[in-house]
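One chain follows as structure tokens, the form predicted on its own.
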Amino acid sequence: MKQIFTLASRNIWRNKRRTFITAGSILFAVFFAVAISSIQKGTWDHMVDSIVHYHFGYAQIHKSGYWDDKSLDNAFDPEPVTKILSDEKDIRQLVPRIESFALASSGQYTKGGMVIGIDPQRESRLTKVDGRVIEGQYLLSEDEGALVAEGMADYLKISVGDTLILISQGYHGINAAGKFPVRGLVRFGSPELSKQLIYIGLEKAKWFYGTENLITTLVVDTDKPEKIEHTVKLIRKNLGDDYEALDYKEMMPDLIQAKEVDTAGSQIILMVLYLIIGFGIFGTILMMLKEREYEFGILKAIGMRTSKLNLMLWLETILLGLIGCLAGIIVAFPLVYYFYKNPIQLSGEMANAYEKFGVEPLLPASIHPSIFITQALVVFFLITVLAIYPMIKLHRLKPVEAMRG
């Protein structure tokens, strides 16, 4: 076996030009496959991360019917739910919220906004909203002030220390009105969120909307996001029909459909790429067989078994594949890493489409190891399959005819 491997490794460098052409075609196949897959995965990971850590969380629990109606009348007591789910090991924490809308006003300016009553400590662990405060300070426990998104503050012409007036309809139709000192301004990457979000303390929100001990939402935080669908199924089973539990995919179906369409398009592009490269490699193999036909005839004539000859030729093809795949990964990584650190900033209609989903309009690359390994393995598998053809030709090769040719 060692002798066969030595022969194979030497044979691939006998014709350096052919070797460089074959390895180069494999290099470009791996390079473009990695680049396409990296941008796609990075983009969708960025979208999911924006959804999860900006606002939605991995999953949410509501009273049945709330997601379709989003009425304060569907508020519920979180204590029984928290007790039932306290033993679920995949749930790190349940973050309570009161979510509703209100008319925000300051001086002569008014604007509709989304008001979210939060537990400051739990919310900061989930969405890291405290790290987005650009002016002023984050809310403290039992705080009676408000955090205002930067876009909303610009529209209302308010800053830290000013008073924000909120008017809305509370629980079971009661009037809701209150004054809130602005504690800080918050910056979001998504312009849509920046134009409408207002945070107030959870207890102050209960007072404002008259919900007493009720909330509208429990956000599920987990250490195992890849198992969130299974976790949501367990939550539904434990809570019964009085509550609804939705993961982020169910809360954003438009985004998931767009991802599926985009993934399908990328797979078609990759298949065409693999097909083109496959024909290129196959052409190189045919050229090699023709050039070395006399050599193979001599080897068979002096008694070298076809199985060993097949093994040698297979090893040559595999070695070429390894060289091309490794070179492709080495060449692709610096480019992918650059766009991982410096995402592409979108503009125009594409940026607007991203903002509709509440996502910052960026195209970052992903440097997850699976991207490089998967694409290299696919190309390597393609080469392995193509290596079968030379084996068939060698099995049928007649030494006398090969030497005469």
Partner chain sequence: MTDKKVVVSVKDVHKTYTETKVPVKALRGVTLEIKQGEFTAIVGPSGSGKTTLLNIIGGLDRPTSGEILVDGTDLSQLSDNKLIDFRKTHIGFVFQSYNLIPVLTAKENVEFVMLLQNVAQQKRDQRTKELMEAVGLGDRMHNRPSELSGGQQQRVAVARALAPKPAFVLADEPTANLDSASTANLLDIMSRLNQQEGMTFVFSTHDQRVIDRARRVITIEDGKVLSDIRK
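The term rigid core refers to the maximal set of C-alpha atoms that superpose within 1.5 Å between the two forms. Owing to the predicted nature of the structure, the values given are computational and were not obtained by experimental measurement. Positions refer to the first chain, counted from 1.
One more form of this protein, predicted together with the partner chain, exists but is not displayed; see below.
With the partner chain left out here, work out from 230-238, 270-278, 292-300, 249-257 which stretch has heavy atoms within 4.5 Å of it in the predicted complex. That would be stretch 292-300.
Would you mind picking the one in K308, K111, R187, R92 that has a heavy atom within 4.5 Å of the partner chain in the predicted complex? Filtering the options by heavy-atom distance leaves K308.
Whether S25 contacts the partner chain in the predicted complex should be assessed with a 4.5 Å heavy atom distance threshold; does it? No - in the predicted complex, heavy atoms of S25 and the partner chain never come within 4.5 Å of each other.
In the predicted complex, does T19 have a heavy atom within 4.5 Å of the partner chain? T19: no, not in contact with the partner chain in the predicted complex.
May I ask you to state whether L322 is within 4.5 Å of the partner chain in the predicted complex, using heavy atom distances? Result no; L322 lies far from the partner chain in the predicted complex.
Could you confirm whether M304 comes within 4.5 Å of the partner chain in the predicted complex, counting heavy atoms only? Contact with the partner chain, yes.
At a 4.5 angstroms cut-off on non-hydrogen atoms, which residues of 1-36 are near the partner chain in the predicted complex? List them in order. Going through 1-36 in order - heavy atoms within 4.5 Å of the partner chain in the predicted complex - the hits are Q3, L7, R10, N11, R14.
Does E291 show a Cα shift reaching 2 Å between the shown form and the other one after rigid-core superposition? Passes the 2 Å threshold, so yes.
For E316, is the CA shift between the shown form and the other one at least 2 Å following rigid-core superposition? Passes the 2 Å threshold, so yes.
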